[in-house]
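Shown here is one chain on its own, the form predicted on its own, set out as structure tokens.
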């Protein structure tokens, strides 16, 4: 089977960057435990040859116990702790398992969303589907349940099953591409001549994750960005549970307006869960707001951050999946198996 190994390596590099110093090694293994791709982390902890050379030698009993469930596509995600390491196992489609090895003092909870997004991207790479290797920056909230460390105990991470429906709003100045983002996500289409939204536009879309029984349904409210619609917007902002703040990476004004939008939305829906998006990254030659600036603002506002192109579709699905995962991870729990 032909796999784009360069894309796998790029994905692991992004993953390493986001996990940071707690990562010892990330591995992509097949269903028999054979290592297909690996990347050593930033940790100063000495990495045993068994970890790099073959994860099956180190955790063979664990892989043996879950091989049957992995092969049936029913395991999803799990953790296993030893005295020296913490492991996260994620199904990555029918061909592979994504294994993250952390040091023993690492927290699993903040890593789990990154591992899940990476596993989904690995699955798409193995299927030959178009996928960006970028792993977005995620901000954990205090609502996420804590997964207890249990040495020599395999735990399966589950999400309380059900369908979760959320009102989603998009905020940002007119012309930043909010409507294009929604149409790309809902219909996988793009038009260069969308007319400005008047008041609001409403669309619906479900967001599913491989290996999870739960799904997220978004009722998407695309709000007009022009100043003359500000009074109208207040009506639509009420009871919004999730939202995307969008700026145009080729426009300084739209970037500078984000904090105003943040305050406006928070004043009406203080408990809303937001992410920050820099759109139109396909216009590289016109770009004036670079990634570092976007990350700096996201840290200031304490928001997860991703860059997208509605025109090419790059990272559009990931942006909405970030929001979905941000919400349903609150319903995560560990079950000993």
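Positions refer to the first chain, counted from 1. Treat the numbers as computed from the prediction; the structure is a model and nothing was measured.
Just so you know, the form predicted together with guanosine-5'-diphosphate exists too; it's not on screen, but the next bit is about it.
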property: The unique member of 293, 40, 311, 287 whose heavy atoms fall within 4.5 Å of guanosine-5'-diphosphate in the predicted bound form; result: 311
property: Interface segment, criterion being heavy atoms within 4.5 Å of guanosine-5'-diphosphate in the predicted bound form, picked from 97-105, 168-176, 84-92, 114-122; result: 168-176
property: Candidate spot 180, 279 and 282, all three touching guanosine-5'-diphosphate in the predicted bound form (heavy atom, 4.5 Å); result: yes
